[in-house]
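Before any questions on binding or motion, here is one chain by itself as structure tokens, the form predicted on its own.
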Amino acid sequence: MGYSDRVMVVAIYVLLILLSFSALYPFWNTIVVSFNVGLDTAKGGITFWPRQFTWSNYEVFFSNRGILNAFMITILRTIIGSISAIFVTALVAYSMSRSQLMGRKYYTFYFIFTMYFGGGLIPTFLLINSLGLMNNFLVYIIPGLISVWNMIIFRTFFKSLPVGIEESAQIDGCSNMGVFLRIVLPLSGPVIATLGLFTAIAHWNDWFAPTIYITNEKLLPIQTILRRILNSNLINEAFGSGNIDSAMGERLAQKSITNKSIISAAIMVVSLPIIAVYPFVQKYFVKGVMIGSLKE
């Protein structure tokens, strides 16, 4: 390696380190602020470590009686919504991948058409209302059962599976549903893991749908409550005195907790669960998407 090559390698490493630092520092600073006393944070100068360590921001956040219920709603919609969406989408994709399916070209056109042309917010709202899904937990599940994009990836992946395996199963008396459940799905681990993670993230991060279709406070997910906190100028608006105990109310009254500190704690609480899932499915990312995106 010549001198110019070594200089280029060093420059690339320096650039990558700077880019990594610029991406990670805001997240780390948010963690630090969440563990620092709010009034001390307001003075400025909090960078890499808490100056006055405290758990108060998290105590106040979890003292809100609606937080735990909102967490349960988010976890339930993420688990149920992801599993049902992946299963239904994969089932549709498997049928679309079979050449003997009658009218397959028309079904394909119908699905593709909906990718480019949607009904819009008002028609969708009227449809949801007519189906009785307003203020209903199923509004988190049913509208997202089929993703056309994921269906295309699934279909392409299923086409790449050896036909002989399915034919052997059918000769042994396995039905089409049996082939799908016992042969196809077990062979689709990478693409299921990848698309399952994408679907779970979409469910976990969704705050828009509840603001349109849900008015019952007991059905709101944690993301919608977080958005309220982010848009609130006063903590008491989101953590009203009637929603927290007297000790926490006293701390708020003493202003040891500020908007910025409670918002940082809320961001950490909402972000960490889904971030913790990444390491377990990271190895499937490239493999799953690339397998499903290639067409022979």
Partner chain sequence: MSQVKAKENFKSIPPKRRSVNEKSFLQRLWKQIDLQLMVWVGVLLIFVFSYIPMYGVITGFMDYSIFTGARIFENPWVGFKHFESFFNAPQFDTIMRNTLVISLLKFLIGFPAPIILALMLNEVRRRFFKRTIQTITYLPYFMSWVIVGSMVMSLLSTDNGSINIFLQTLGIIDEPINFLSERNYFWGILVTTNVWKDIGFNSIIYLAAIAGVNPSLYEAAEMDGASKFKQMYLITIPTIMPIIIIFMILQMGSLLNAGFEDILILAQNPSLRPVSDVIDTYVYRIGILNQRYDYGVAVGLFKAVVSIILLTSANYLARRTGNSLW
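By rigid core we mean the largest C-alpha set that fits within 1.5 Å across both forms. Residue numbers count along the first chain shown, from 1. If you're wondering where the values come from, they're calculated on a predicted model, not measured in any experiment.
Form predicted together with the partner chain: not shown, discussed below.
- Stretch-level contact analysis of 185-193, 70-78, 152-160, 108-116 against the partner chain in the predicted bound form, using heavy atoms and a 4.5 Å limit, identifies 108-116.
- Taking non-hydrogen atoms only, S175 approaches the partner chain to within 4.5 angstroms in the predicted bound form.
- Under a 4.5 angstroms non-hydrogen atom cutoff, the partner chain in the predicted bound form has Q223 among its neighbouring residues.
- In the predicted bound form, the partner chain lies within 4.5 Å of some heavy atom of S271.
- Residue contact check for V92: one or more of its heavy atoms lie within 4.5 Å of the partner chain in the predicted bound form.
- Using a 4.5 Å cut-off on any heavy atom, the residues of 4-34 that reach the partner chain in the predicted bound form are, in sequence order, S4, D5, M8, I12, Y13, L15, L16, I17, L19, S20, S22, A23, L24, Y25, P26, F27, N29, T30, V33.
- Once the rigid core is used as the reference frame, the Cα position of A11 differs between this form and the one not shown by 2 Å or more.
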